[in-house]
Structure formats: structure tokens, C-alpha cells
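Here you get one chain, nothing else, as C-alpha cells; it is the form predicted on its own.
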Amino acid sequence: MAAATIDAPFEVYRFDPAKDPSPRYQRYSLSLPPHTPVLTALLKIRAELDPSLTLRYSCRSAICGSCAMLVNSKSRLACQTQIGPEIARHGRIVVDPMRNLPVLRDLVTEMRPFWSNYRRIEPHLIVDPERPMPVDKPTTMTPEQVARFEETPRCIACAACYSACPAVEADPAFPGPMALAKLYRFVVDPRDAATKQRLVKIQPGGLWLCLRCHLCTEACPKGVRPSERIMDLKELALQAQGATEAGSRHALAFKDNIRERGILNELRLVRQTSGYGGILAQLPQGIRLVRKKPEIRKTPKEIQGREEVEKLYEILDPEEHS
């Protein structure tokens, strides 16, 4: 008995920078079983309807990561995304190349920026030259030590997290979630001799640009949860170096600021983060803000039930209250 099929309207991004003045979307219509992966549908379009369609793929089993793209505006693997739920939710399937990477042609992007950021974090063990690893026996770790980074080796470098990241979009110098998750993997490896060096090197213009939106974790097809690893890195960076630049100072100031009254004192937060020199540098912007929001000049009143806020701090930081 033949499997039931559904109408599958596709709108596929098309662009050849060498020939086309601007991108466009091309429509295709297929009839396919609802469990058909988007990648299979695209290959059917290329084989039967339009041989000029360009895309990248390899294993078709969610192992290689080659087929990462946008499906209905979400970064995901095309081989892992079935058409049925997408059509039920959106009524069509719109396919775009990944964000934050230059388009080479149609759905294929230039991956060099992604890999450049990966290489910057030196993704290998850095050994202490005065204490070289033995060559005649393996270097072992305890299960507890391995558990600290057991998720990160699952990464298949598909760049779906990089595509989903608004920090990369805002500042291309941001390393991206995958690179920072890999950094975490080596920072917590007890065999690595460059923990502090790695943390110090990544902080300026890097670690603290993360917006904590968790879109990278939503996009990751392998459950690496890079946003959580970045938060762990921030904690480790503060332990290793303290609050030495604007991002880390802002994070600590925000925590102390909220704790005082249970509500944010915005003017004080600027002073705590940037100092008086920073306030002077941002004076024109500050004047515009005060004109638009005059209440910001007033010290906020303590909220009712602030003791409940204090309980949250005790839960999050039990050592401070022990």
C-alpha cells in the first residue's frame, strides 16, 4: 500500500553572486509523504525539476552537518527536518542559506569565517612543556572529570548555532557558540595546561558579547547546549581573572544592583559598569535617554517582598551564605 502524500509547496532561496543582481525565491511544488526530510525533497527538486539548484550535503544521517540551512527561518539540518510538521505549522517550506556567512551560491555558504573562529581558540590540548604527557601509557581521567565536558564532543560543526546567533550578526568578531563550547571543553580538561591563558585571551570582544538568548542551544541538533557552556565559561573567567573588562563588570554590577532593591537602578548600573569616565563618554546618549525616559533619574523604590529575591540569591550562590 502506497504511503499517503501531502502537497509540499517550497520557496527556495536562489542567488548566484557572479550572475544575479539580487537574490530571489523560486517556487516548487511536490507531492511527498509527510515524513520526507527537507533534504530529500530538495534533492528531488534538483533531480526532477531544476538541476541548477545548488546545495551542500553528504551523509544524510545527521552526522556530517553539511546540510545545515534555514528552514522556515530556523537554523537546522535539512536531513533531520521532516516536511509534514513544517507544512502543518507554516503552510509551506521556505528554505534559505545559513545566516552570518557569505552566500557562495543558492543554499551554499562560505564556511571560512566559522572555521577561522574555531582555530582561534586552539582546539587541542596544550601541554605543559615541563610536564610532558607520557608516551608509553594513556593519560586517564575520572568519570567525574569527563562528565564536565561530555556534551561538547557531540558537536558536528554544522554551524547551525553560528547561523542562529544574533551576537555574530551584530559583531562578526564574536567567536560564535560552537567555538566557545569547544573552548570550554579544553578549559575544564584536567590535562590542559593553558586554562587561564585561554580564558584571558578570549575575553576582550569575545566571551561577554553573548546575549544569553539561547537560540544556539535551540538550533543545535546534537544537544550540546552551547549557551550553557558559555555561561559556565563566564563563571570560570571571573574566577581566573576577575571583572577586568566591561562585560564582566556589567555582569557583576547587574547582580549586585538588582539585589539591593529587587529592581534595577539603571543610572547606577552605568556607573558601576563604566565608571565616571564611561559616563562622560556616553553623555550625549545619556541625555537623549533621560529626555525620553525622565523617570530614570529617580532612585527606584524597594519592591515589596524583596526577601523573596534574597532567597533566589541564596539558592544560586549557597557558598556566599554558608
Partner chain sequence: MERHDVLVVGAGLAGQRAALAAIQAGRDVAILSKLHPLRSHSGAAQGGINAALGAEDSVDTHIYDTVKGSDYLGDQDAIEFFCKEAGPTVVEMEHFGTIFSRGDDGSLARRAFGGAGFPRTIYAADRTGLALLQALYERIGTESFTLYEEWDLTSIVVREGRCQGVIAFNRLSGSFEPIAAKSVVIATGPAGRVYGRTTNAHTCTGDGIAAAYRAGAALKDMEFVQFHPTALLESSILITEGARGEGGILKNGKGERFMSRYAPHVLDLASRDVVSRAIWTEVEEGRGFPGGYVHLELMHLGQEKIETRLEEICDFSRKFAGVDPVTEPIPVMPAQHYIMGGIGTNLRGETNIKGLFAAGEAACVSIHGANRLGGNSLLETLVFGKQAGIAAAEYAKVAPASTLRESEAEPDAARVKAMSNRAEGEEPQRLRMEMQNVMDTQVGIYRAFSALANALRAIRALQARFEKVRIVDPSSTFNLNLTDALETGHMLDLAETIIVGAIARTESRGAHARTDYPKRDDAHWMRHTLATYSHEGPKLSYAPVAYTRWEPKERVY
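The structure displayed is predicted, hence computed values, not measured ones. Residue numbers count along the first chain shown, from 1.
Omitted from view is the form predicted together with its partner chain, to which the following refers.
Q: Tell me the stretch among 248-256, 112-120, 225-233, 89-97 that has any heavy atom within 4.5 angstroms of its partner chain in the model of the complex.
A: Only one stretch passes the 4.5 Å heavy-atom test: 112-120.
Q: Only one of His214, Lys196, Arg154, Lys74 has a non-hydrogen atom within 4.5 angstroms of its partner chain in the model of the complex; which is it?
A: Exactly one residue meets the criterion: Arg154.
Q: Report the residue, out of Ala41, Leu55, Leu70, Val270, that has at least one non-hydrogen atom within 4.5 angstroms of its partner chain in the model of the complex.
A: So the residue touching its partner chain in the model of the complex, by this definition, is Leu55.
Q: Its partner chain in the model of the complex: within 4.5 Å of a heavy atom of each of Arg261, Ser274 and Ile287?
A: No, the whole trio is out of contact, none within 4.5 Å by any heavy atom.
Q: Does Ser29 reach its partner chain in the model of the complex if we count a contact as any heavy atom within 4.5 Å?
A: No, no contact at 4.5 Å.
Q: Do Asp16 and its partner chain come within 4.5 Å of each other in the model of the complex, heavy atoms counted?
A: So Asp16 counts as contacting its partner chain.
Q: Quick one: does Ala170 come within 4.5 Å of its partner chain in the model of the complex, counting heavy atoms only?
A: Close contact is absent here: in the model of the complex, Ala170 is far from its partner chain, nothing within 4.5 Å, heavy atoms only.
Q: Phe174 near its partner chain in the model of the complex, any heavy atom under 4.5 Å?
A: Answer no; every heavy atom of Phe174 is more than 4.5 Å from its partner chain in the model of the complex.
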